[in-house]
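Taking the form predicted on its own, here's one chain by itself in structure tokens.
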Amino acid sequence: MKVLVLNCGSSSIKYQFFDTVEKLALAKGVVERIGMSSAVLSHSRYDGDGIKIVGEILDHAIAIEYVLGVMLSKNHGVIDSKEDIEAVGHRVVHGGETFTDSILITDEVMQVLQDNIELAPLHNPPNIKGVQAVKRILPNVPQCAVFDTAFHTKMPMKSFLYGIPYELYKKHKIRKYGFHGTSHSYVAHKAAEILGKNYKELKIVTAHLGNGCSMAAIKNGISIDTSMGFTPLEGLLMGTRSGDLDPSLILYIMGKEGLSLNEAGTLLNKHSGLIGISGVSSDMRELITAIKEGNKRAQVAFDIFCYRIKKYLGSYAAAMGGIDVFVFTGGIGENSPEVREEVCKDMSFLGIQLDVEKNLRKEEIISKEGSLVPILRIPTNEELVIALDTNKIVEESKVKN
């Protein structure tokens, strides 16, 4: 099946076009600065051909029209007609408690997505815009939603409830949801495959480390806990997000600085984390460069980042009664040997022993021979998971009908 995968943000659309039989991305790209006269579409084909287009792209529907235009073009395209697109899969950030798996998008599903906007006000609206745009442009093509939260919906109540009145959970659905679920699921399955082990018999800790960071404790194929919470703000220190902090702290800062709710949210989500502590950058590569130049605040930010990962790793080993596999993924997890080395330092008591040379060479398995816990570096592929889920759901719907 040929599946177009869309990840729609507020001012951007990332896309990939898959042949799910070959598990091959025939084309991929991104539309940035949607809503501006200087919007940019960057498109590349599987054979290395690429093109960049600058123009006025005022909304998501026009952006998708641009994408289809490039995919249809004689010089840079991969399809002969729109009919070659057999299904569209969307990355949707929040499915709430309603959706425990990927799903075919219907009018009823769209209504639930609308109802869940308050749980993800920054992410779900552009996701919905993407679905609506495709419905107008490709009215007969089935669409599926693949949720960031779905993989974590089997967490036990002791993992997802907060220490607040239970009535607030029942009334407002305030609980831990977790995110990056598609990535955690993919790399955990991939790790089991690489090691030749049964996924459902392993205790796996996955660390998705990028500008947004989260970890998951996966026991016997089920995510029993994860570091992000009601929103993606909870948990690890991130590029611009604070991660865990004393809840009273933000009330104190709001009082001292005279911040509104929106300003406080911006402080925690946009001006904290690595950039807030270091004053240098939210990009780990730039921080490491600054550290080598002697920047002490950059070093502190790096140390806190790695320390929190170590704390979650230890707590998840305790929660699962041990650990069988530890996986790094995401932009930092895949590409920063410095972070991987620091996180794994002095963890031999858990059976985690890093091979420094393999780590520097960015091999797939980076643990020492004889390490009780294999350490893996696995590039994530959330888009492929979305494409395969979409393929499966559409084929099942054909059988039912």
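Note that residue numbering follows the sequence shown and begins at 1. Owing to the predicted nature of the structure, the values given are computational and were not obtained by experimental measurement.
Another form exists, predicted in complex with a small molecule; not displayed. Remarks below refer to it.
Per-stretch contact check against the small molecule in the model of the complex, the hit in 163 to 171, 317 to 325, 146 to 154, 279 to 287 (non-hydrogen atom, 4.5 angstroms): This holds for exactly one stretch, 279 to 287.
Could you spot which one of 221, 243, 229, 331 gets a heavy atom to within 4.5 Å of the small molecule in the model of the complex? In short, 331.
Taking the small molecule in the model of the complex as the reference, which of 210, 265, 77, 126 has a non-hydrogen atom within 4.5 Å? It is 210 that has a heavy atom within 4.5 Å of the partner.
Would residue 336 count as touching the small molecule in the model of the complex under a 4.5 Å heavy atom rule? Yes.
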